[in-house]
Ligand code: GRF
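A lone chain, given as structure tokens: the form predicted on its own.
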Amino acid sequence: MSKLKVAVLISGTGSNMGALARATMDPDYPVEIVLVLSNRPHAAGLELAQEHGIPIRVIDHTGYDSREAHEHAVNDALRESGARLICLAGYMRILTDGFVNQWRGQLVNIHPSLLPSFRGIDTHARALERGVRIHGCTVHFVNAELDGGPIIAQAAVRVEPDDTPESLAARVLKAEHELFPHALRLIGDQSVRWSGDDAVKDLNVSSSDVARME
């Protein structure tokens, strides 16, 4: 079976990258990670990637005069790796439209909310402030709109009466570790793909594949 070659971009602990790496240990999983790349030299996720035998690259953004120059170096490394899909897993850099357009339909992100609600940062605190009863996470294709790309899969998490942003974040992160490998399997199996400018084409995916309760 020809597997989808994936590169994962991280900036920190790489816990979602670790979840993807564990998923690839299944011989039937249709994805292989060919590169883990970080913009931060001391990102803990780099060591985790090495433990899984995954090639790593560090391209420190502080060594470049512009965002575009840094992205040019990142893009070269991604192309050299042979990756056909790029996963943003805690990559703390806002990507330019130019970079996003180069990887149109081949760039996915995991976001800690049920999009389109709570785009951007501080999602858990904002969810609690709004008094929502259901929170969660989303894997989506990336387009030029912040957290606005087509949704691939979502997982829902109940909000408990005594939740803090930290306790809610911990449960959402656990859901992320299940959802991200699930979403990549859908892409690797060609069950979901980018279609057009802003739509995901569902080929044979039931509703249970795109919304689950934790």
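One-based numbering along the sequence shown. It should be emphasised that the depicted structure is a prediction, and the values quoted were computed from it without experimental measurement.
Another form exists, predicted together with this ligand; not displayed. Remarks below refer to it.
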- prompt: Can you pick the one in A69, V58, L173, A156 that has a heavy atom within 4.5 Å of this ligand in the predicted bound form?
  reply: L173
- prompt: Among L114, L78, I110, L95, which has at least one heavy atom within 4.5 Å of this ligand in the predicted bound form?
  reply: I110
- line: Among 69 to 77, 82 to 90, 127 to 135, 100 to 108, the stretch whose residues bring a heavy atom within 4.5 Å of this ligand in the predicted bound form is 82 to 90
query: Quick one: does T24 come within 4.5 Å of this ligand in the predicted bound form, counting heavy atoms only?
result: no
- prompt: For Q190, is any heavy atom within 4.5 Å of this ligand in the predicted bound form, or not?
  reply: no
